[in-house]
Ligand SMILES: Nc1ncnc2c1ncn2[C@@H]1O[C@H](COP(=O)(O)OP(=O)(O)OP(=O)(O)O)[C@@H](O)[C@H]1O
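As structure tokens, one chain now follows by itself in the form predicted on its own.
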């Protein structure tokens, strides 16, 4: 099972939107895909129409052997849903081996899915460490602004630590520009700086750039993927191109 963590400690960069679009795009291509929502805000859980009560991601982190029981089947795909209690995970999950809980859980269901897409919280606590330890690769959504550049540098330090101690095969698959406006000169200049940053991190800036698109917000409000809500929108074209890049089908 290919496990992809969509990660950025900076909020508001379209992380949950990107996680949903990647997973939904993979499902459209026929891949068995599982979503995991590790963000206490539960945006991905809401859009997929899952419930945060009962079975959820916190249960998986506390009891990895129950992973299969925690999966909810929705019309848009299978998900291990969020829980508001994830906000306190750093104080709840303190036992020895706490970094490996999600990895242990996914090992019990690995043969049932082709891909697992993990949405992470905008923080670098134990939840994000679990996601990076369990995943085969990480994708970093980023806006073309200076704060995002700073955040990526800090994130890379965490990735290097996880790679050293928990997951030697962890790789950054790439940085994807979200909410992009190519008509802005400063945005284009920062995008060039992001490309240089990607090289320094031994990864790439995806060619696919996700343009600013009202349809993304509307799709979330109606609990639909962008592909179903607005199949001819710019965002649909951009995310389809991104999924093709991830699969090597450019």
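Positions refer to the first chain, counted from 1. Because the structure is a prediction, the values reported are computed rather than measured.
Quick note: we don't show the form predicted in complex with this ligand, though the next part is all about it.
Engineer: With the distance limit set at 4.5 angstroms and only heavy atoms considered, check whether 32, 78 and 248 all reach this ligand in the predicted complex.
Structural biologist: Result no, not one residue of the spot touches this ligand.
Engineer: Counting only non-hydrogen atoms, choose the one of 23-31, 66-74, 53-61, 204-212 that falls within 4.5 Å of this ligand in the predicted complex.
Structural biologist: Contact-bearing stretch, as computed: 204-212.
Engineer: Given that this ligand is not shown alongside this chain, does residue 10 nevertheless sit within 4.5 Å of it in the predicted complex, heavy atom to heavy atom?
Structural biologist: It does: once this ligand is placed as it appears in the predicted complex, residue 10 has a heavy atom within 4.5 Å of it.
Engineer: Although this ligand is absent from this view, report whether residue 43 comes within 4.5 Å of it in the predicted complex, heavy atoms only.
Structural biologist: Residue 43 belongs to the contact set for this ligand.
Engineer: How about residue 225 - does it come within 4.5 Å of this ligand in the predicted complex, if we only consider non-hydrogen atoms?
Structural biologist: Because no heavy atom of residue 225 falls inside 4.5 Å of this ligand in the predicted complex, the answer is no.
Engineer: How about residue 122: is it within 4.5 Å of this ligand in the predicted complex, going by heavy atoms?
Structural biologist: Yes, residue 122 sits close enough to this ligand in the predicted complex that at least one of its heavy atoms falls within 4.5 Å.
Engineer: Given a 4.5 Å distance limit between heavy atoms, list every residue of 1-39 close to this ligand in the predicted complex, or none if there are none.
Structural biologist: Those in contact are 10, 11, 12, 13, 14, 15, 16, 17, 39.
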